[in-house]
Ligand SMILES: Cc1cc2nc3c(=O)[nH]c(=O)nc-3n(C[C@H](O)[C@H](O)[C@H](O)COP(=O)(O)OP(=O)(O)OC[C@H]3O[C@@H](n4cnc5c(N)ncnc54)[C@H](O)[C@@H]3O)c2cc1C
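Take a look at this one chain, the form predicted alone, written out in structure tokens.
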């Protein structure tokens, strides 16, 4: 196409006032009218609306516009929207350029509207300069394996596996531990519905493991991964269980085992043996050997050795999958030694421990702890959450947990209601920064706690309560000192026979998976999505999806919703048997490439670019060849090529130069109008 055949449509969006309240959009439009190749210039209150998109479509069809430039909000929000509008009108969607006039102009120059208007004009001129040099590009289409790998056998992984299988996608689910269910198995009920937690969990597990499209491996981890969306080559390493499915002498073997370790199912309140069942109805219901604890002494085999193998070898499974779902879950915050008296006083426990303690406490008679009756309980919120940099001691990585774990408030209030129902004589003290019962039905739990006579005390984040030993003649072993701002900062001492710390959520440590899949952690250490609204379960690596509390604190209902969203995304990606990728990848001009290999040396992405033999004038020479499936279009290779033989499609050096020339040109019409 010759330059005279280029017909550009330029559109300036008011963005509902976000842009037009600062930028004189009409003046910008006047600046663009009459420029070479510009045949249509329009403004609109909201270009992303159906009406605004229709304007673009009509101009393409009726006025022959074959290049489109829109100045609006961030491209991350609506670039795809306008590409689709362009495509609906029959134009190649990559003959479109998006100019950011909101985040890059009006929002950062609110006090200088004249200068902001001039800048907006220059940004639009740069976009038009690039538009003149745009070329048609084709979406990269790849065959996709209709098979998903789900990492994690908690509620998020199970729900993702079930929903994906229901969409006809084959699923392989792997769980690091020998048993399925995650933290939900440690609960008795689900708030706010009161539903039996393990019953609901077991129903889901049974559906997952019996589905003909689902394969489950326990004691299994991801140990290798390479490839791209639609074609990930992964290796799973499964440790032996050590116990046969038909082994019928578990009780005798466990009694014979000399090794005792803290039982993580009960958060260390009890102990278990190296051969163990997580709980009586655990799934799978076959005991397993804890290889970290087992000394291979063989005592368990002396009871009845048939069915116990202490010399088993790991099994490796190689798979090709189209997508990977990371549902690695969370771990409760572990208080430091001495934090609110934890580890210093036996009467200080965490909320997860208290939940298990209530389960192990039989009947509704008298609650006892450490051999003493419990008459006063203090529950302290925000332990390991909402920490303040410079005030609270950081974690091992130097960071504080400055985020809210969200579910702790309701879980704490639910505990007070359960305590009141079973032990109405106990005095309950709730110490909090503030109460955040954010979800449907949660406020009712707070209201019920108030009616039950729970005493609420409010502290400031930088003046947290202090747990100390009570005087020897006191009726309770502990005192909790707090400055209560519900009584205008009065300093109070709360007697406590038991102190319950409402610990927050932290992500499970998954640095190995982060490294293998090349995904990103956020500042809070949870795994990071591309965009919380537009791409809420996708990572920056196409085909790698997030589910549940690997992404952030969630309750069970939210986790199931997030898992269903992850499964829906997997279905969209793999349901057609092929995937589409944006064409913004590196492109090599073999006429200029001399095979120096500098591009290969600096590329950070595996198999994205390589030197390969190419036949030129009857001779075989080494040239750089790009694998579009692995290239992310970062442009590092462009910067090091000594011959300028590489460009990124859609963002060529020539296009950049044209944009820079347009921005820096001496254009009187763009000067501030007094």
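All values derive from a computational prediction rather than experimental measurement. Residue numbers count along the first chain shown, from 1.
What comes next is about the form predicted together with the named molecule, which does not appear here.
Contact with the named molecule in the model of the complex, defined as any heavy atom within 4.5 Å, is confined among 406-414, 489-497, 81-89, 337-345 to 406-414. The contact residue chosen from 352, 307, 477, 595 relative to the named molecule in the model of the complex is 352, the criterion being a non-hydrogen atom within 4.5 angstroms. Checking 510, 123, 225, 319 for any heavy atom within 4.5 Å of the named molecule in the model of the complex turns up a single hit: 510.
Proximity of residue 559 to the named molecule in the model of the complex falls within the 4.5 Å heavy atom cutoff. In the model of the complex, the named molecule sits within 4.5 Å of a heavy atom belonging to residue 330. Contact annotation for residue 555: at least one heavy atom lies within 4.5 Å of the named molecule in the model of the complex. When the named molecule is considered in the model of the complex, residue 187 lines it closely, a heavy atom lying within 4.5 Å. Shown without its partner, the chain has 220, 221 in segment 194-221 as residues with a non-hydrogen atom within 4.5 angstroms of the named molecule in the model of the complex.
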